[in-house]
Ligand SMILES: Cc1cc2nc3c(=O)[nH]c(=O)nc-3n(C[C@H](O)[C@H](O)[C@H](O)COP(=O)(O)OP(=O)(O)OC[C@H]3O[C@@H](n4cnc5c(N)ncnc54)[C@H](O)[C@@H]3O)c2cc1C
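Given as structure tokens, the chain that follows is alone and in the form predicted on its own.
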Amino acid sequence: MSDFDVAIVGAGPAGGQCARILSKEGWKVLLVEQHETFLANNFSSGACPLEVLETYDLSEQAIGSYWHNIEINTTNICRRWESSNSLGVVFDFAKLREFLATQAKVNGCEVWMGCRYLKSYQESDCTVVNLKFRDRSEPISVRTKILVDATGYARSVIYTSKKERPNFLKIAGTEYLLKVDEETYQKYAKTLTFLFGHYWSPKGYSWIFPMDNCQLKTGTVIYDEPHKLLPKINPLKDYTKNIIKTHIKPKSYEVLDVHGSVVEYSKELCDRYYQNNTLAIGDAVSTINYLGAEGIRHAFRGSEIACRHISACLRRDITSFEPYQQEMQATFRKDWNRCETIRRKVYLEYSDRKIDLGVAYLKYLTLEDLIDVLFHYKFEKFMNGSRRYLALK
């Protein structure tokens, strides 16, 4: 049986970053990924501001495209902000995770692809983890001092049965990867396009993000709760198809991939962060921002917090992961609660007219202010814009 200091289940952004940091510190790390290649679940669209690359030491090889501009559409209004400079990136999700895993391997981490987590149990002061490779008939076991659940919303490790799981808020999303003609692509290149309102996406929002090679990612998320004004909505894919037909309107296009997923979020961040020497990171502890369903850079931030506590535990400086839970909640809870309040009002209570007015207010924000609202949750800047709008009216 192989022994490790840390075994991480799930090689998404949280798990990959965690493995990368801990292996660089010299710990013996195992990173387990159930898919045989990172292309097998190339699902996420990660748009981030430019500083994320430097903050988390990320390579250009993980980038799908750069963006300069932001456009926001509602049912009746369109607002656009432009810049001559790159302000952010859209990650290629498969390349990002492959980059993190490769960096971890360079640092000495073992990366096991096509390997599924089965179960784990305590043995003295260690945890025995049962795993199974897709191409082998018999499970194998490893022993680890610390086990990390990076399985996302599945939370496959930290909860041993579904009965233990609390009630979560849910969001469903679907996304199409399109190959479009050059003329159509240029209309959306370098621009993050967001679509709000009952026509585009009741109970959520939609997006169009540019990738490289004339590819666009367009998708829709819908929150699984009743709307105050809309008793019934269409199937999720209908809204994404409508965006392709009535907004993008490509001269020619090919659907390269269609994928969808569900995210589960714990209101007030009441997740299970740890149990004995097992702890959870990333979407398994709701680091995703539930207002924008944005998780990649927050997964990085949470992983760095987790790594400090994991290293302290391995050095025997601490004997419990309670400080990890406290730091994570102190880091995220205030902003996440504000975002959850806004999310509920905008997506589940507002009329179409009210959403139109909200975007009309944004006209008086600079692009820098808008980025602060969208990516740094400085909602007071939105209020300043609305006051300027009303004063001029």
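These figures come from a predicted structure and were not determined experimentally. Residue indices: 1-based, along the sequence shown.
Keep in mind that the form predicted together with the named molecule is missing from the display, and what follows is about it.
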Complete contact of S44, Y117 and D283 with the named molecule in the predicted complex (any heavy atom, 4.5 Å):
yes
Exactly one listed stretch (257-265, 160-168, 271-279, 77-85) reaches within 4.5 angstroms of the named molecule in the predicted complex by non-hydrogen atoms, and it is 257-265
Checking I146, A104, I208, A299 against the named molecule in the predicted complex, the residue with a non-hydrogen atom inside 4.5 angstroms turns out to be A299
Problem - 4.5 Å heavy atom contact, V29 and the named molecule in the predicted complex - result: no
* Would G197 count as a contact of the named molecule in the predicted complex, using a 4.5 angstroms cut-off between non-hydrogen atoms? -> no
query = Wondering, does A306 line up within 4.5 Å of the named molecule in the predicted complex on heavy atoms?
reply = no
Residue-level contact is defined here as any heavy atom of the residue lying within 4.5 Å of the named molecule in the predicted complex; does P250 satisfy this criterion? no
Taking the named molecule in the predicted complex and a 4.5 Å non-hydrogen atom cutoff, the residues of 1-31 making contact are V9, G10, A11, G12, P13, A14, G15
